[in-house]
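As structure tokens, one chain now follows by itself in the form predicted alone.
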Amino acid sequence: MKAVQYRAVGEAPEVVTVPDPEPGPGQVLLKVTAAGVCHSDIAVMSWPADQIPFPLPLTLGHEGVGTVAALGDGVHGLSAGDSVAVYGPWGCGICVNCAEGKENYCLRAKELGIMPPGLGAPGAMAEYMIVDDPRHLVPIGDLDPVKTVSLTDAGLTPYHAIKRSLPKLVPGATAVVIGTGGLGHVAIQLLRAMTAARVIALDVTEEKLDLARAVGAHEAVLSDEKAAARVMELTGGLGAHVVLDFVGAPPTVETAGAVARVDGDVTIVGIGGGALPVGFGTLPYGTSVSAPYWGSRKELAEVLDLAHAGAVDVHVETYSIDEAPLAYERLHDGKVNGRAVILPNG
């Protein structure tokens, strides 16, 4: 079968032919319908050799939707042809966090060498993939797989971040979304569906701000050296109750801290390498800073329920599996407006 792999440190991903996988006991074989392209992949491919915690080559794709092709021994509750989404942050399934469905915060994953598909284990950017356990599959019913696949990360991750701050996102509150691309444009829709807060979106081009407005942002501000002052002006000098940074680079993290309100939340979701100093007097009193990771299995089901209700719609660009290297080039160059999706069997 064809697969998109990161094969050597510092090299671009390649489309290669690899053996068809077969499910072992307890595993599920999926015929992949759609696989998402994510900035996390680019981050991984920028790491030096001594920072890569898994062997190469690696089949990419930590966002996956497919149909059940075969079941390993002992697997029940699924049937061939079922359309399912893959829950990405695999855990041990046994620790106290996994018992609550919070496998994104598994206490033993590092110890046991458990890694997400596409970020250590073979991922979804192939014609077929192995899912280690049926608990990591969520039925999608009649949802469009191409529109749905990005919800497994670009929907789940902002949903988890927003849900943590819901007590502050009351009527009259303001939420700032920094970075309105793959995750950010979904976050705006989630904020509008889940809260009555006013949403201010920040990004570096008018094209991206147009998308932010189209999906529900009340205000759209160019993310430049004047952005923090503009947000403070829009909030009457008080700042935002919740700031969600989906870039995480040093300049955006600095802006996030600068626009936080007293007793506000700053959530750094993006992996751009920025850090926000925390200490008495460095931020407004009572400011909480967090860096969450992905979301729980239950939260993925909730995100899919929102999709069934029509509350969230991912803006996608589609590519064949042979065009996957081009999709990564476009993402790296900031040319993808929304989310890029690979169709391995399309």
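Just so you know, these numbers come straight off a predicted model, no measurement behind them. Note that residue numbering begins at 1 and tracks the sequence as displayed.
Same protein, other form: the form predicted together with a small molecule, not shown, and the subject of what follows.
Trainee: Counting only non-hydrogen atoms, which stretch in 23 to 31, 66 to 74, 36 to 44, 309 to 317 is within 4.5 Å of the small molecule in the predicted bound form?
Mentor: Comparing against the small molecule in the predicted bound form, the contact stretch is 36 to 44.
Trainee: Is there a non-hydrogen atom of P53 within 4.5 angstroms of a non-hydrogen atom of the small molecule in the predicted bound form?
Mentor: The answer is no: P53 has no heavy atom within 4.5 Å of the small molecule.
Trainee: Classify A109 as contacting or not contacting the small molecule in the predicted bound form by the rule of any non-hydrogen atom within 4.5 angstroms, answering yes or no.
Mentor: No.
Trainee: Do S165 and the small molecule share at least one heavy atom pair within 4.5 Å in the predicted bound form?
Mentor: No, no contact at 4.5 Å.
Trainee: Does the small molecule come within 4.5 Å of any heavy atom of I114 in the predicted bound form?
Mentor: Taking the distances in the predicted bound form, the answer for I114 is no, it never comes within 4.5 Å of the small molecule.
Trainee: So the small molecule isn't shown here. In the predicted bound form, which residue out of A260, V247, A197, V231 has a non-hydrogen atom within 4.5 Å of it?
Mentor: The residue from A260, V247, A197, V231 that makes the contact is V247.
Trainee: Which residue, G181, G91, G123, G264, has a heavy atom that falls within 4.5 Å of the small molecule in the predicted bound form?
Mentor: The residue in contact is G181.
Trainee: Even though the small molecule is not shown here, does it sit in the predicted bound form so that L169, V242 and F280 each have a heavy atom within 4.5 Å?
Mentor: Checked in the predicted bound form: no contact with the small molecule for any of the three.
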